[in-house]
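Here's a solo chain for you in structure tokens, the form predicted alone.
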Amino acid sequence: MKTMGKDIYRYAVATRLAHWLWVLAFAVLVSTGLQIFMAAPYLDASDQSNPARRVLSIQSPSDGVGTTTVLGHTFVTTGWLGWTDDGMGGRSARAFPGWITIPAYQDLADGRRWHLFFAWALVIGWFTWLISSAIKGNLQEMVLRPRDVPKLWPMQAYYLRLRKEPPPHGTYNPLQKAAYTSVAFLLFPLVILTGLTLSPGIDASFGWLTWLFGGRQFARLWHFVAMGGLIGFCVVHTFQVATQGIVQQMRSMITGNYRLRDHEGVGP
């Protein structure tokens, strides 16, 4: 049965508000997170600071030269990382350029305040989305199920223009389900828990949480990795929106209404 042209109410008000709250909060969290990272621009796979187990470091070993070391391999990154824009019209030894951090100038205290505020905004948005989706019955449609796994590659092939039509699916295609499942039930909880672990107050009161992640330095590493995964999701998500009718996709996330195409259904 053809469903082309049929409008459905796809996104509830709470879901749309949570989505745009995430967009704002996530952008600020990445920017302030980089500001905080500059106070100790390295990551160690250890329970404490240990140069022998350093995974990543960004530094300026000499004036005017910035370097980035990844798993023991060092690259000159002057102008991008290590020695770059200081946010005040000049250049200095700092891990990230001023245009990407909040504040633009180096200020750990303000970076932490902004980060904490928008971290709670993100958590509230996440819980709002979970509760709203569960009440509306949308949550079960967004979870990846075993029957969706064989459709993952055909769906990816469709995005890559290797096949003309996507595999039949419900409201959300299998790649969207995989992404939403990973983000909602893996990456978001990991970012939240590791972020709490890095709080001195939480560390003092709930030491078992620090132990669970292998120590504060390991928690810092996992926090960075999880945030990288969320950034990757945002890039892929933006790509999918751009290639699958950006006008309609934006319309649905603003008004809630979505126009089905002939290969789309209304359920899982």
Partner chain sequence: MNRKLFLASTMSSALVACSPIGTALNNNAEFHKLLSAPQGLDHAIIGTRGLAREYRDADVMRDFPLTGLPTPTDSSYAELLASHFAGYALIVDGAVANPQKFSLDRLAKMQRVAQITRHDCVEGWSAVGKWAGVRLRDVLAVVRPLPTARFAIFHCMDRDDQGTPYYESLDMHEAMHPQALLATSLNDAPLTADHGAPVRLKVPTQLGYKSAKWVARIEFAATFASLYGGKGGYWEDQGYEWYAGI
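C-alpha atoms forming the largest set that superposes within 1.5 Å between two forms make up the rigid core. Residue numbers count along the first chain shown, from 1. None of these values were measured; they are calculated from a predicted model.
Not pictured, yet referred to below: the form predicted in complex with the partner chain.
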item	value
Proximity to the partner chain in the predicted bound form, single hit among Val70, Leu212, Ala40, Ala45 (heavy atom within 4.5 Å)	Ala40
Contact label in the predicted bound form: Arg112 to the partner chain, heavy atom within 4.5 Å	yes
is_contact(Phe127, the partner chain) in the predicted bound form, heavy atom dist at most 4.5 Å	no
In the predicted bound form, Ile36 touching the partner chain (heavy atom, 4.5 Å)	yes
Close approach of Ala27 to the partner chain in the predicted bound form, 4.5 Å, heavy atom	yes
One stretch from 162 to 170, 112 to 120, 177 to 185, 149 to 157 that, in the predicted bound form, holds residues within 4.5 Å of the partner chain by heavy atom	112 to 120
Output flag, Gly98, Gly201 and Ala204 jointly within 4.5 Å of the partner chain in the predicted bound form, heavy atom basis	yes
The partner chain in the predicted bound form - contacting residues of 208 to 223, heavy atom within 4.5 Å	Thr210, Arg216, Gln217, Arg220
Exceeds or equals 2 Å, Cα of Ser205 between the shown form and the other one, core fit	yes
Core-superposed comparison between the shown form and the other one, His73 Cα displacement 2 Å or beyond	no
